[in-house]
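Have a look below at one chain only, the form predicted on its own, in C-alpha cells format.
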C-alpha cells in the first residue's frame, strides 16, 4: 500500500500511458509533489464532489451537504452542469439562479441550493463590478455570451467557479463566523475534466494575460488551492470507475489541487462467509448442503434449481474478489475512504438523510 499522500504511485497510470508521471495534458505540472488536503474529518469551507458518470456523485453531494448542516449549520449545495439534478434529488421544482432552501438538517441546520448558470453569472459579474447588467442582457440577446463561452470554454468555467468562490467568501456579520454559509458543496463535473474545470488560471492563461477575467481566475484559484478546500472523488468498486478515480487523483495532484477523500458508493455486502466464497469461486460449493438449504426454505430442491443457485454463488464470489482488488486500488491512493451501501429500491430523500448519517458516523464530517 502506498504511503498517505503518495504522488508518484497515484500517477503511475500516466507513466504507463507514455507521459512522465504527474504530467497531464492541459495541466501545468508542479515542480514538487503538491500537498493533499489534510486528513478528515473535513472542516473545509468548500467541498468539491466529482466522480465518473453513474457513480452517484450528486447523491453523495446532497448527503454531504445534509451531514455538514447537521447541528445548526447553514450549507449551500451548488451545481454547474445545468441538469437540475439537485432539484430531482430533493424533490423540488427546478432551481432558478437564486439560492433556495431545499432541506432541513437534524439540529436545526439548513441546506440551500443553487443551480449556477454561466450567462446569469456573467450578468451578475457585470452588474457587481461595472454596473453593466443592461449591456450584458443586450449581449445575451444577440448571442454574444454563448459565442464567447463556446470559443473560450475556460471563460465559462471562470464564471461558474467564480460564483462558487463568491458564495464561499460572502460575508454576513449577523452570523457566527461572519460568513453567509458555514460550508459550500459543489456538485462538480466528472473526473474526466475536473482538473481543467478547477484549474481555471491555466485554462485562461492563453486568453487573458491580465484584466478582469484573469483577476477573477486568480481569485478563484486562491480559494481552490487554499486549505479551506477539498476535492472528494466518488467511485464504485468496478474497474473503469476506479481507473478514472486514480487518473483524476493524478491530475488533481499535478495541478496542485487539494485531494480530499474517496467515497465508495453502492457497496454490496458479501452474502457468503469467506470459506463459502472460496468454495463458490472454485466451483466446489457443497451442492448437497445447498439442496438442504433450499428444502429448509420450503422449496423443492430440483437439480436445475440447485445448479442455478451454485452458478449465482460462483458469480457473486467472483465479484467479491474483483471488488477486493479494486478496494486495494482505492486504498493505495493514500486518502481517507468512506463507504455507502447499494440501495436496491433506488435513491429517495430518505436515503439522502441515511447517507448523511453514515458519512457522519464514518467521521467524514466533524
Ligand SMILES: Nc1ncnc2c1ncn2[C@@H]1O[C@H](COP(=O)(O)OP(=O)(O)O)[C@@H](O)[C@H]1O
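Keep in mind that this is a model prediction, so the values were computed, not measured. Numbering follows the first chain given and starts at 1.
Below: the form predicted together with the ligand, not depicted.
Checking 300-308, 319-327, 53-61, 35-43 against the ligand in the predicted complex, the stretch whose residues place heavy atoms within 4.5 Å of it is 53-61. 265 is the sole member of 229, 78, 265, 201 with a non-hydrogen atom within 4.5 Å of the ligand in the predicted complex. Think of it this way: in the predicted complex, the ligand has a heavy atom of just one of 85, 219, 278, 243 within 4.5 Å, and the residue is 85. Residue 349 falls outside the set of residues with a heavy atom inside 4.5 Å of the ligand in the predicted complex. In the predicted complex, the ligand lies within 4.5 Å of some heavy atom of residue 343.
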